[in-house]
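Given next, in C-alpha cells, is a single chain: the form predicted alone.
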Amino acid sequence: MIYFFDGSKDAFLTAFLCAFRDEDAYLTTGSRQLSLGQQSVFVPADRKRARRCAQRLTSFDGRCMHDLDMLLRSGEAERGQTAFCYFRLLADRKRPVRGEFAEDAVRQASECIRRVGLEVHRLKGFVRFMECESGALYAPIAPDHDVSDLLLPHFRARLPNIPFVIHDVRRSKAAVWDGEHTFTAPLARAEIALSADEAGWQTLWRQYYASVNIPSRERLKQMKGYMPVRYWKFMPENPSAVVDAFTAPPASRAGSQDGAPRPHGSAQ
C-alpha cells in the first residue's frame, strides 16, 4: 500500500499510525507509479492522533521530533519512506536508535539529516542580501531542502536592527525578520526596488572578489567543493568569472591582471 501525505509533520504521524503494521507500506509526498494490484490512499492530517503519536515516540527518544523535522525538510523524493523506516525501527525497539548505523534505516536517515544540516551551514555563507529603497534587505535563494526559516536565527543575530527577507524562490515562500518578529509567509514572486547604492556595492564586491583571485593557483575541484555551482545563480560576485580566469589561456590571463571583473552577466 502506498500512503500519500501532504508533507506536514501531523500528516506524516497520522500516516505512520495507519501504515505501521503494513510490511509493504510506502510513504510519500509525491507521485508514484502503482504496480499491478497495488493500492494507494491519501492520509489527511489528524492533529489529535498525531499529537498522541508524537508523545509516544518522544517517550522513547526525546530528540526524535527534531529528527523528524529535519527529515521532512529534505528535498529528496524518498524522504517520507526514509522517515517511516527510521521511526518504525524506533517504535519497535522503544529506545533511541540514531547511533545504530548497522541498520539501513538509521544510516539513511542520518545521511538525510546531515545533508539538510550541511545546506543550512553553507547558506549562512552563501546568502547574498540586496539593499532595498526602504533600507530592508532582500535575498533570493533556491536551496535543495526547505531550510529558509532555519537561517533566521543566524541572520537575525547578525542584523538585529535591519529587517530582511530570505526568499526561497523554489518553494515560493519567504523567511522574514521585520525588526521585531520572525515568521514565514507564502511569496510566489517579489518585485524589489533596489536602493541607489546597491549597484555600487555589488560592483565593489565583484572587484574585491576578482582581486583576491590567483589564476596561477588553480584549484577548481576544491573551489566547487566549498562553493557548489548550484548556489552561484544568486551570487553577485559571479564565481563563473573566476573559473574562466582559471581556465583562460596564459595570454588572456596576462591581459586581466588589473583585477577588474570580467564582462559576464551579473547573477542578479
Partner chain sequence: MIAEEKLKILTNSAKYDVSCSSSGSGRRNAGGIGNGMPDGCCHSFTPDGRCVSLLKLLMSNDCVFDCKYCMSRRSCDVPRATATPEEICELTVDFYKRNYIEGLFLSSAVHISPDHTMELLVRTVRLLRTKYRFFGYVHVKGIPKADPLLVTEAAKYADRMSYNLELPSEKSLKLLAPQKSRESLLLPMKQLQRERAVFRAEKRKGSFLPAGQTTQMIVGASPERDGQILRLTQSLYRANGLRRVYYSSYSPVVEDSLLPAVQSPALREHRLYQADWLLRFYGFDVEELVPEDENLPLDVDPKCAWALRNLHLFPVEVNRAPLEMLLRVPGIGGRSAQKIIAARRYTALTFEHLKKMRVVLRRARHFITASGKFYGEKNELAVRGLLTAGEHAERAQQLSLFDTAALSARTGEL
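Residue numbers count along the first chain shown, from 1. What you are looking at is a predicted structure, and each value in this text was computed from that prediction instead of being measured.
Not on display, but discussed next: the form predicted together with its partner chain.
Using a 4.5 angstroms limit between non-hydrogen atoms, residue 67 is distant from its partner chain in the predicted complex. Mapping the unseen interface onto this chain, residue 95 counts among the residues with a heavy atom inside 4.5 Å of its partner chain in the predicted complex. Among heavy atoms of residue 179, none comes within 4.5 Å of its partner chain in the predicted complex. A residue is said to contact a partner when one of its heavy atoms sits within 4.5 Å of a partner heavy atom; residue 52 fails this definition for its partner chain in the predicted complex, lying far away. Of the residues 63, 47, 233, 219, just one reaches its partner chain in the predicted complex with a heavy atom at 4.5 Å or closer; this is 219. For the three residues 158, 213 and 237, a heavy atom within 4.5 Å of its partner chain turns up in the predicted complex in every case. Judged by heavy atoms within 4.5 Å of its partner chain in the predicted complex, the contact stretch among the candidates 140-148, 169-177, 79-87, 119-127 is 119-127.
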